[in-house]
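First comes one chain, alone, set out as C-alpha cells in the form predicted on its own.
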C-alpha cells in the first residue's frame, strides 16, 4: 500500500504553506520554468495548489518539476516548496508508476548486473541501436548520460586494501561511498580513501547498501524508506562515536534531509547518522581551519570550473570544495554560477524530459567549455555524468585535485 499523501507524509512542510506570500521569487529562480512552458511553476503547483489537495495533485504539470530544491532554498518565507511538490507528485503517480521509473531507481541492481560483463555492458550502452530500442521500449532517452561500469566495484578494491592497523595520528573516520561510488564512480571512492589515509586518518568502510534516493525522487516511498533504514542499520554497526565522511553528495542529502523532510522518517537512528555525516571537503576544511591537519601539497597549475550540485546547496554547507581547492598553490577555481546541471538524479534520463534537462544545464555546459574544456569538477555522481555527456570534458569530484596535489597516483 502506498503510504504518503501530501497531507500526511510531512506535517512540517504542510505547516509552512500559509507562510507563502506569493512573492514569486521561487518562480524567477526555477531552472525548469525558465526553459519550458510545460511546468506551471513551483508556487502554482506547490503552496498555492496544496490548499486544494486531498491526496491528489490539482495540476499534472507538477511531474515536470525536477526536485532540484532551488525553490525551497530561495524562499524568503521558509516555505518547504520542493518538499511539498515531491510528496504531491508521489501521490499523483501512485496508481500509474511507469516501469521505467522503477527500473532506473535501482542503482545497485544496475551496478550488480553490469559488473560481470562490464566491457560488453558499457559498449551496449554506447551503441545507437540499443539506445534507440531502450528509448522506444523503456522511455530512456537515446542520448541521455549513462553510467560506466568499472568492472571492479569499490568494495572489492577495499577487500584487498591494506589500511593502517591502528588509528592514524588524525584519528579514525567511517567512509560512506554510496552505491554509485561503489559500482560506477569507483575512482572517486578510492581517491577519497587514499587522501584520508595520507592525511593521517584511519578509515573504516562498513558494509553499506543504497540510501534509496533515486527511489524517493521517483515517488517509490515505501521501498525508499526500507532502504534508507537498512543503510542506517549498516552504518550503525561501525563505532557510533565516529564521523561519517562521504563523497556521495546526494546520498548525504538523503540521510540529512530527504528521508526526514520528504518521506517523514523520524527515526532517532536516522537523525543520529545524519548528524554525524560530513561531506569530505566540508570535513577536511574544518580540520584544516582548526589547525588539526598538516596540509602539505604540491603546486598544480590548473584553472577549472566547479559546479555546486543542488543537493549540496540544499544541505546549507556553502561551497567547502571551492575553499579547500583554493588552498592548493596554482589552482584557480571558477564557480559555474549555474543553478542546476539539469540531470536532477534520474530526471534527465527520461525521454520526455531529456531536452528540458539539457536546456537547464546549457549555461553550465557553456561555462565548462569556456573555462577549461578538458576538466571540470562537481561533487555528485549523476551531475558528473550529465556534464561529461554534454561537454566532452573529464569531470571529477573535487577530491581528484587534492589527490593529485598530495602526490598520489
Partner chain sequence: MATVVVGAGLSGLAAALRLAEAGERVTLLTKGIGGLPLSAGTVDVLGYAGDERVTRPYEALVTLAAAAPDHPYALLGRDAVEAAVAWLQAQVPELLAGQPGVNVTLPTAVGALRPTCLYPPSMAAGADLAGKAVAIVGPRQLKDFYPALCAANLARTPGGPAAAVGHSLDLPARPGEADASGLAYARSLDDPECRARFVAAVAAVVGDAEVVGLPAVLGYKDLNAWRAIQEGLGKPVFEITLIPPSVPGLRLNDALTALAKAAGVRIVLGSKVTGYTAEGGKVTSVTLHQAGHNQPWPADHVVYAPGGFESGALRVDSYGHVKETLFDLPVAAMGSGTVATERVLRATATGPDTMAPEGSAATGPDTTPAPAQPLLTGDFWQDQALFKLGVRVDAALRPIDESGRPVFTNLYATGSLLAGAIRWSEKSGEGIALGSAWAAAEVILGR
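Numbering follows the first chain given and starts at 1. Keep in mind that what you see is a predicted model, and the values were worked out from it rather than measured.
Keep in mind that the form predicted together with its partner chain is not shown, yet the notes after this line are about it.
Across the proposed site, 150, 368 and 401 without exception lack any heavy atom within 4.5 Å of its partner chain in the predicted complex. Taking the partner from the other structure, its partner chain in the predicted complex has no heavy atom within 4.5 Å of any heavy atom of residue 191. When its partner chain is considered in the predicted complex, residue 72 lines it closely, a heavy atom lying within 4.5 Å. When contacts are judged by a 4.5 Å heavy atom cut-off, residue 285 counts as touching its partner chain in the predicted complex.
Heavy atoms of residue 135 never reach within 4.5 Å of its partner chain in the predicted complex, leaving it off the interface. Looking at 34 to 42, 343 to 351, 59 to 67, 374 to 382, the stretch with residues near its partner chain in the predicted complex, meaning non-hydrogen atoms within 4.5 angstroms, turns out to be 34 to 42. For the candidate set 301, 289, 95, 266, a heavy atom within 4.5 Å of its partner chain in the predicted complex is found for exactly one residue, namely 289. This chain is drawn without its partner chain; in the predicted complex, the residue among 112, 223, 202, 315 with a heavy atom within 4.5 Å of it is 315.
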